[in-house]
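Take a look at this single chain, the form predicted alone, given in structure tokens.
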């Protein structure tokens, strides 16, 4: 059996924990803690170390999903979590353009850790105030070859679609390496 480590990263409140919860076949191991009053009150808790989930694709393939903390003060965990990853997903909240610059910075940081395949998931595409994908591509300064995928982190089907696109990219890179 092959196991594949995938990291799910992105800014605070971009949907990383919900993304993993949507597909994990085990109860997600989460290190969420109450947010102190000095942090923006978008939600009540935040991931401080990691989230961990697992999904069996078939009898030969199991994905281990590691969600990173989104707050800068916990970014020391990013490099640790990136070790051994075969690919990563950058979650971006399509309704919060003020987080796009941070998402771009996180993307560059993870590319520096490991030159592995990655995709960008435009979360909350079901909301009326979500940015259009092409406008997001421009704002995030993404090359046309980078997969920017619509996503709703609480919807199992869109989450599976994002994971499949990343798996296709990982497989293509593995096949190119064997050629």
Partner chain sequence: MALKGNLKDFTITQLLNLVNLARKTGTLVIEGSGDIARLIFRDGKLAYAQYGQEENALASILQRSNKINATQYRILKERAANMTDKELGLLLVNAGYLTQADIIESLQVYCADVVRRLFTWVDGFFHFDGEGELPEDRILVRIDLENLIVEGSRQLRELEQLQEEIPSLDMALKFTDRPGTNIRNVNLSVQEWRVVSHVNPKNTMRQIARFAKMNDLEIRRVVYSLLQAGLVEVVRPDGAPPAPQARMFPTTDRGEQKLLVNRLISRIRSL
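Quick caveat, the model's predicted, so the values are computed rather than measured. Numbering follows the first chain given and starts at 1.
Absent from the display: the form predicted in complex with its partner chain. The rest refers to it.
Colleague: Does the 4.5 Å heavy atom contact test between residue 119 and its partner chain in the model of the complex come out positive?
Modeller: Residue 119 lies outside the contact set for its partner chain.
Colleague: Examine residue 26 and determine whether its closest non-hydrogen atom to its partner chain in the model of the complex is within 4.5 angstroms.
Modeller: Judged by the heavy-atom cut-off of 4.5 Å, residue 26 is well away from its partner chain in the model of the complex.
Colleague: Taking heavy atoms only, is residue 132 within 4.5 angstroms of its partner chain in the model of the complex?
Modeller: Residue 132: no contact with its partner chain in the model of the complex.
Colleague: Taking 4.5 angstroms as the cut-off for heavy atoms, does residue 127 touch its partner chain in the model of the complex?
Modeller: It does not: once its partner chain is placed as it appears in the model of the complex, residue 127 has no heavy atom within 4.5 Å of it.
Colleague: Taking its partner chain in the model of the complex, which residues along 105-123 bring a heavy atom to within 4.5 Å of it?
Modeller: Read in sequence order, the residues that approach its partner chain (within 4.5 Å, in the model of the complex) are 105, 108, 109, 111, 112, 113, 114, 115, 116.
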